[in-house]
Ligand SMILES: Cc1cc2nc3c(=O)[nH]c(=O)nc-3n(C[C@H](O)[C@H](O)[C@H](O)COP(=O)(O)OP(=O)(O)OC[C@H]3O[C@@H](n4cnc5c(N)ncnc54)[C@H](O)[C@@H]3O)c2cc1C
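Quick setup: one chain, the form predicted on its own, written in structure tokens, and binding and motion questions come after.
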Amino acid sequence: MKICILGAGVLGVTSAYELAKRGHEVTVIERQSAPANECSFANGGQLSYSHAEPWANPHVFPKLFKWAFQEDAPLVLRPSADPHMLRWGLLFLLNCLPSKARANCETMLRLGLYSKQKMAELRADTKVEFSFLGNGTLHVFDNQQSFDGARRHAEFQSKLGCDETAMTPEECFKLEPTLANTTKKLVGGMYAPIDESGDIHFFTVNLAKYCAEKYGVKFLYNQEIARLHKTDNRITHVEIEGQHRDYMAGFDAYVMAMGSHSAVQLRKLGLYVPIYPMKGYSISFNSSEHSPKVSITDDAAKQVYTLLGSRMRVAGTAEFAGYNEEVRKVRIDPLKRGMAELFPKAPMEELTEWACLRPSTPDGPPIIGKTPIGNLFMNTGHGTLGWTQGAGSSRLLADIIDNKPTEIPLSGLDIERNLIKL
């Protein structure tokens, strides 16, 4: 088949890889000048397969009201007249119910564990370089109640095939010696040995190059998509912005992998999908001997600290402020403070700041597979876990397009669960 993929982030490029190696003729359309220039540019770096607790959960619900009045809170839902944000917010609150949160966690963990397998296969097949480390992740706590809750959650996940180890502060320091200098009084940590880390930008750029050279995948950059056109419930062509409108046609199937902008394009087709941008921030700077070798997550701050070759990455926070990509100082400062508290001896030299709009669903799992439009497929809505879930999601997508049985159940990943037809 001739397949057009819309978007060259990590989901678009891994989709191109999976489909092209099966013999499909693949073209990728991207509005940026290169792959991985938006959400796949400078994320936290964690391949956190063990992280399956959605943002929408019973524990976060009571904190929302407190955080609403904090400019530097880990999660900020800014009031807005945007009806799409209001609708998304209501669905988010409904998914904070314990039964829904458990079901969504199961879905995300199933996809995460599957993605670990598929990422291992992809690495073995392509030999793509991306500063990979297989040292696991360590989640640290300075609050006993939160630590106890994490241990209970780990017991729940262990029944689903994911084991984590509870650690004392001393055991945390032994695993990651640079933590011993922290100014925080840690009460414990949860270590997930199955987790990994790596530079998503290097990975996506190098995989795109591999796909172009080995499989002849065409990457068309600087192509701003105006809209998709359909006839008889099938996409017929893609309209490109510009002084002279261009139209790309002749494809058998189309894959929506445009991140937060997926929802905008789908609404033009008469489909409302609750994907909304959750702005995340990161800082990057030169690593040193005081940088951690194990990727760390600070539970209280909701921040991650990851070594990526010669650079150190600190990422976190979640801000719902529409499609505003501005890098706000009030959201960057907590990242700097977090680094100074956990790793006070590590300098932050040649520091760069960044923000992106993560495509988030209100329940947590992404949307993968068929849509009500006959030849349009989805691979988007992964929120903070696009890097983690990308390899597995794209393998599932390829099986669906090829009309083959998938290796894991698709329940909880389909578009129908929150779809509203306009």
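Because the structure is a prediction, the values reported are computed rather than measured. Quick note: we count residues from 1 along the sequence shown, nothing fancier.
Missing here is the form predicted in complex with the named molecule; even so, the following discussion is about that form.
Although the partner is absent from the chain shown here, Q46, P359 and T384 each have a heavy atom within 4.5 Å of the named molecule in the predicted bound form. In summary, among the residues G112, P277, G280, G338, the only one with a non-hydrogen atom within 4.5 Å of the named molecule in the predicted bound form is G280.
Among the residues R328, H261, H201, K230, the one placing a heavy atom within 4.5 Å of the named molecule in the predicted bound form is H261. The partner is not drawn, yet in the predicted bound form one stretch among 33-41, 368-376, 53-61, 392-400 has residues with heavy atoms inside 4.5 Å of the named molecule: 33-41. For V273, no non-hydrogen atom is located within 4.5 Å of the named molecule in the predicted bound form, even though that partner is not displayed. For the chain shown alone, G316 is a contact residue for the named molecule in the predicted bound form, at least one non-hydrogen atom being within 4.5 angstroms. By the criterion of a heavy atom within 4.5 Å, A16 is excluded from the residues contacting the named molecule in the predicted bound form. Heavy atoms of A257 reach within 4.5 Å of the named molecule in the predicted bound form, making it an interface residue.
Contact residues in stretch 210-230 (any heavy atom within 4.5 Å of the named molecule, taken in the predicted bound form) are Q223, E224, I225.
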